[in-house]
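We begin with a single chain expressed as structure tokens, specifically the form predicted alone.
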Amino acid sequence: MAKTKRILKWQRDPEGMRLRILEAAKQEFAAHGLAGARVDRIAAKAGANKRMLYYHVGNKENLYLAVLEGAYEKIRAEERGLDLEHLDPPEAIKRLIEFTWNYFLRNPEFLALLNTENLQRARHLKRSTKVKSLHSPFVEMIRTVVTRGVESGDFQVAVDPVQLYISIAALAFFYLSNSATLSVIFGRDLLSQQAKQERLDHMVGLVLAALTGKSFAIFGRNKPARLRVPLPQTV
């Protein structure tokens, strides 16, 4: 009877237990990588045991993949809430850059997971159909913004939306993932509040200058993002 009660106690909220396991696993994999992560520590932090963990998620590699999928689901879900489709194209791109930068700052474990999976040559992501399906709507959302920008005269060319997003993510990712070494090399605290704001301003200016063909200098902080190319005069 006692054994039955114990089982019922942790099975009463299986989804809650699964979420606790995934959160504990995310922190463990982010801190120690796949090879260094320990199932015992994950189970203890989640208030579970190995049997519960294997029951809810599976073995260590399945758990790692579930964490990766959850990480991508989270960022894609928040991106969908940006409402880019209803903003002027330059403002939409500015909002995407700001979101990407601030999301990476708020979720350093996401960057750590990306580093780990790249060291694995995306071996686990290749098994996931879920992650691939998440990205198609996101790419189309960016494509729509870029197309509207070209049609309105705000942007000069319909750039590849995948290339555009990779460039935006790279501008943020490289800076943050290498901030420790770069701070030493250049003698600056690249994670000071002022430095982070300067980096965001630089990213916005760089991307919008490339899309609009306008000078980088006009995209400083507090300047309007919408800069429509004037129509040719008729006589």
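Residue numbers here begin at 1 and follow the sequence given. Not measured: the values here are computed from a predicted model. Definition used throughout: the rigid core is the maximal C-alpha set that superposes within 1.5 Å between two forms.
Beyond what is shown, the protein has a form predicted in complex with another copy of the chain; the following relates to that form.
May I ask you to check whether residue 30 falls inside a 4.5 Å heavy atom distance of another copy of the chain in the predicted complex?
-> Because a heavy atom of residue 30 falls inside 4.5 Å of another copy of the chain in the predicted complex, the answer is yes.
Answer with yes or no whether residue 209 is in contact with another copy of the chain in the predicted complex, where contact means some heavy atom within 4.5 Å.
-> Although another copy of the chain is absent here, residue 209 would touch it in the predicted complex, with heavy atoms inside 4.5 Å.
Would residue 102 count as a contact of another copy of the chain in the predicted complex, using a 4.5 angstroms cut-off between non-hydrogen atoms?
-> No - in the predicted complex, heavy atoms of residue 102 and another copy of the chain never come within 4.5 Å of each other.
Flag residue 198 as yes or no: does it have a non-hydrogen atom within 4.5 angstroms of any non-hydrogen atom of another copy of the chain in the predicted complex?
-> Contact with another copy of the chain, yes.
Quick one: name the residues from 90-127 with any non-hydrogen atom within 4.5 angstroms of another copy of the chain in the predicted complex.
-> Residues within 4.5 Å: 112, 114, 115, 117, 118, 119, 121, 122, 125, 126.
Any chance the CA of residue 128 moves 2 angstroms or more between the shown form and the other one, core superposed?
-> Yes.
Core superposition between the shown form and the other one, C-alpha change of residue 41 at least 2 Å | Shift at residue 41: 2 Å or more after core fit.
Given a CA distance change of at least 3 Å, are residue 137 and residue 98 closer or farther in the predicted complex?
-> They are closer; the C-alpha distance drops by 3 Å or more in the predicted complex.
Which way does the C-alpha gap of residue 111 and residue 136 go in the predicted complex, closer or farther, given it changes by 3 angstroms or more?
-> Result: closer.
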